[in-house]
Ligand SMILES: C[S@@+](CC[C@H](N)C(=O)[O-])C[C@H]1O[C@@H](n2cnc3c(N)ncnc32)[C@H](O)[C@@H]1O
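Only one chain is given next, in structure tokens, and it is the form predicted alone.
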């Protein structure tokens, strides 16, 4: 049932030629769209959950967590950390997780728009809120060249994301996505590593399982010490 996924196809066969110009524009003009009220409420809920568990625990953000497999598994792998799984879909977040066993208590699931959630995290940095780790696990690649600005590394929010600190890890089944992300990080003065990735049967997400069992190559970008 899982091994039926086709590789990403695109007319784009290399990093987008407009990426650097797009980044220059985003870094020169901060993103100022108003944050919606429901995202303010969602962020406040996430902060209360963290403080109730342990306000001194390092924070991990599972960005676009989908059905929450990864959030649960990250919380188990990092029992001294607090994990926030954020997704915009209430339906995905509500999916049954009984196959994962007992859900640990060092996590919270939040329905929110990531663009707003990232900006609220950055706004809270002056209060000591920073990330220990930050995961992008198989984000939508938006493979059409015309959709470049929908990819997180080319979105106007990207400079804000870099303010959150910690180690950023992105996994994808489209090599161009990870290459572009690495180029965007280098543009910002960071030093990412791009590597083939083999989950060795230890899947963090259903997509990771599906892509791997379909015989696709997987890739990871890791960047430590983001300022």
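Computed from a predicted structure; not experimentally measured. Residue numbers count along the first chain shown, from 1.
Absent from the display: the form predicted in complex with the ligand. The rest refers to it.
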Revision key, fill the gap. Assert contact residue (the ligand, in the predicted bound form, non-hydrogen atom within 4.5 Å, options 159, 58, 165, 66) equals 66
Point to revise | Triplet 92, 113 and 152 all within 4.5 Å of the ligand in the predicted bound form via a heavy atom | key: yes
Check your understanding: Does the ligand get within 4.5 angstroms of any non-hydrogen atom of residue 82 in the predicted bound form?
Key -> no
Check your understanding: So, in the predicted bound form, is residue 102 in contact with the ligand at a 4.5 angstroms heavy atom limit?
Key -> no
Exercise for review: Report yes if any heavy atom of residue 109 sits within 4.5 Å of a heavy atom of the ligand in the predicted bound form; otherwise report no.
Suggested key: no
Review point. Is there a heavy atom of residue 88 lying 4.5 Å or less from a heavy atom of the ligand in the predicted bound form?
Key: yes
Review point. Going by heavy atoms within 4.5 Å, which of 136 to 144, 73 to 81, 120 to 128, 94 to 102 lines up against the ligand in the predicted bound form?
Key: 136 to 144
